[in-house]
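Okay, here we've got a single chain as structure tokens, the form predicted alone, with questions on binding and movement later.
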Amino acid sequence: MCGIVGYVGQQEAKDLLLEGLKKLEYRGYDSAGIAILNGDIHLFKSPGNIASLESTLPSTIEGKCGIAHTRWATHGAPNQTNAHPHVSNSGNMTMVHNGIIENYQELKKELRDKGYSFKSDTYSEVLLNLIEFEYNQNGQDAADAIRKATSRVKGTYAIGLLIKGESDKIYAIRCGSPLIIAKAQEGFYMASDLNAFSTTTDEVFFPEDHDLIILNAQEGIRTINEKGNEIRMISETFQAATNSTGKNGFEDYMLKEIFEQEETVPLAMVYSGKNNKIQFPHITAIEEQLKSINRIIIIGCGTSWHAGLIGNYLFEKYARIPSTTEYASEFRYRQPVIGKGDLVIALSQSGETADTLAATRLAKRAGATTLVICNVPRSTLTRETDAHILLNAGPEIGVASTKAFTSQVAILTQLAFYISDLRNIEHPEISGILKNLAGLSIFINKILGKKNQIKELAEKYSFAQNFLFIGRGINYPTALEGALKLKEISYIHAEGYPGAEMKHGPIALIDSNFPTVAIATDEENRLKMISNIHEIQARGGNVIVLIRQGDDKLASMADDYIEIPATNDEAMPILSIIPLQMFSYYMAKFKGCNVDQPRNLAKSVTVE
């Protein structure tokens, strides 16, 4: 959700902090702020995006220590008062915070009784003033005050804190929210995301929950653990991505990332045509468990949940293992029956999704084998699960996920075939499917070449306030994902349904102002989808049909159609979603929406 960044070192902090904020803007864009410490605290905050903040900054702000924040509002309206950094009652402390404080009301009452007042509506300000209270009670020992205050907090947090008069120090601590420390030639950084760090940063540290970090320009990094003992964190080498972070000539990140799928889907392929093998480099530790697992449970949220539904189909068909996909947010609260012999696969683009993390931890405590498929190396989920598979899709900046979805589906498909092979289940057709998957970039290129046709379709249907998406079998999750993309970025109400469920309710909605997108690209369910299309048209509904190239019958039936290059059914979810992503993009553009930063949404949901 919110993005935090801090710097202390030998260089002026302002530009480095702004650079970090811009790299984290996809995490939150309701408001932004910077605090520079140079004897006094110099604070600048603005509602809106980082450009709004930057326009308010003086041309020169001297100071080599500072913290900054880009906010996605969870508590308190998105305005200047609620923007971070917050300043304590005395004005001697300033803090940025990512997370949720669940017991803030009782803490706030306690502090009010002690004479504290509050300027904002946020629980972040409550935590800051609790730290200041402990600081004043404990002989101005900042480390002790922070540890005592955070020990009383229920919830999650990652914070960066400055104290007036300590112009060469940043205090940082985390619990449940991501926090990363980095060392560079020019100084020390803290951030909620690896993307914030400059390309010169090559040494990073991943603090554990409750580790208190003190970044000092002169003395380096000190770490105090939950027990109060000073420890030494082990660094890891990291080189920030130098590509895929700009728009590269595209109008929006989302459109750029749609087009990148021509490259990212092949990067998700671990199948080697030379030896006809699938080789996942980081799952050898659980290979023996995969041979004997009794059940697969896939957990995820939003787009990842839809990818998981496709995984269900593939695991049951090819690996012959009972499989289910669960919303992580529901799974963790319903006391699931889970244990040894179960494989829990967590799907998360960021590897930091709060609900998915909590559900995965629950599964691991219960004795299940855990595997994460995600896009961010050294994310919390990759560090905490038994094994991991990386998407290798590069940074995804647009809030609405595109290339991560197709890469997840490509990985899940290969994983189903891989487990099938481990369990000696023979499917002669797998070799051909894999070869087709390995060559999908050619087909993706052809779909991307239909950009103008899809744009014209979006303009034609831009009048619609509601949409229905239908599919069957392996394409039903694609219908769900197509509907999600449309409502995420264009704010048009859209529903995804299995075609077979049309007669059980949704058909009542159909009229001339309620268009349907029918995904009819799989051979297995083609005839049944034809019946669905007839049913909709008989009630005056318009149908846009996704068809296999050369399917003249379906083309002649449709009000409008988009052709997809013909390949095996298992690859169709990857190909079919791309024109739906593009259709949603242009629908949003015709409505004047911000496609990269849709209202009320954040890229990485790191709070519950």
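Quick caveat: nothing in here was measured; it's all calculated off a predicted structure. We number the residues from 1 along the sequence you see.
The form predicted in complex with ligand AGP is left out here; the points below concern that form.
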**OP:** Spell out, yes or no, whether the shortest heavy atom distance between Lys485 and ligand AGP in the predicted complex is within 4.5 Å.
**Re:** yes
**OP:** Answer yes if any heavy atom of Ala158 is within 4.5 Å of a heavy atom of ligand AGP in the predicted complex; otherwise answer no.
**Re:** no
Original post:
Does the 4.5 Å heavy atom contact test between Thr122 and ligand AGP in the predicted complex come out positive?
Top reply: no
Subject >> Proximity of Ala400 to ligand AGP in the predicted complex, heavy atoms at 4.5 Å >> reply: yes
Original post:
Only one of 85 to 93, 461 to 469, 492 to 500, 342 to 350 gets a heavy atom within 4.5 Å of ligand AGP in the predicted complex; which is it?
Top reply: 342 to 350
**OP:** Report the residue, out of Pro207, Gly302, Gly176, Pro515, that has at least one non-hydrogen atom within 4.5 angstroms of ligand AGP in the predicted complex.
**Re:** Gly302
